[in-house]
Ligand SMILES: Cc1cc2nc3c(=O)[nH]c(=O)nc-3n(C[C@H](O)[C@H](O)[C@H](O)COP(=O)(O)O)c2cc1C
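Below, in structure tokens: the form predicted alone, a single chain.
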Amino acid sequence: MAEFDASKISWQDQYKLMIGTVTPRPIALVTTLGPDGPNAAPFSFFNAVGSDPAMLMFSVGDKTGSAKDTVRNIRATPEFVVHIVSDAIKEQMNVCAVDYPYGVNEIEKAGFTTAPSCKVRPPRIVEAPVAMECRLMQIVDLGRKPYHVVFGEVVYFHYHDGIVNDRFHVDIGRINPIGRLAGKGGYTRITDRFEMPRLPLERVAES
């Protein structure tokens, strides 16, 4: 059995363990608005937090010596839009992952189309199958890098036609999301799904 004392290995090696172990990770393609205009960047340290109200979180590590554009923009304009990355827009998302200088519009570089959001100022990406407009709840700075953990309340949902039914059930197949794996180019698709009914308590006891 392989065992590691986290205090005795470098942060780089801990990073390898984390991204290789916590998989697949959903990808948030986040648009923000700052003094120099809009920005888009993907983050795979991302997930839902709760549903009353609907809340999301994503974590952003600093660049060398400065905060990334996303964090700088959210501090200036405490709103953002989280998009789910589908297989159809993976190449454009990858363009947004490039570490451009501050003020470069990644949305234009990627060839995305934008539309005004309904309740927040940053634009949303039309090609994304899901866009969730968020207002900042809190930024928590953690760790030595540090990591800025951004918490947002979802105030408006956008879905492409055919994804959500009248009972608010989401067809994940129609979203066709991709997830992040380890390595510089590691991704996965949802191509093999299965269901397991939750067992009644008495059947769990019997087993």
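Values in this document were obtained by computation on a predicted structure and should not be read as measured data. Residue positions are given as counts along the sequence shown, with the first one as 1.
In what follows, reference is made to the form predicted in complex with the ligand, a form of this protein that is not presented.
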{"query": "Close approach of residue 177 to the ligand in the predicted bound form, 4.5 Å, heavy atom", "finding": "no"}
{"query": "The ligand contact in the predicted bound form: residue 42, any heavy atom under 4.5 Å", "finding": "yes"}
{"query": "4.5 Å heavy atom contact, residue 93 and the ligand in the predicted bound form", "finding": "yes"}
{"query": "Contact flag, residue 160 vs the ligand in the predicted bound form, heavy atom cut 4.5 Å", "finding": "no"}
{"query": "Within 4.5 Å of the ligand in the predicted bound form, all of 60, 63 and 187 (non-hydrogen atom)", "finding": "yes"}
{"query": "Candidate stretches 136-144, 163-171, 150-158, 33-41 - the one whose heavy atoms come within 4.5 Å of the ligand in the predicted bound form", "finding": "33-41"}
{"query": "Candidate from 130, 97, 107, 89 lying within 4.5 Å of the ligand in the predicted bound form - any heavy atom", "finding": "97"}
{"query": "Those residues of 68-90 which, in the predicted bound form, come within 4.5 Å of the ligand by heavy atom", "finding": "68, 69, 70"}
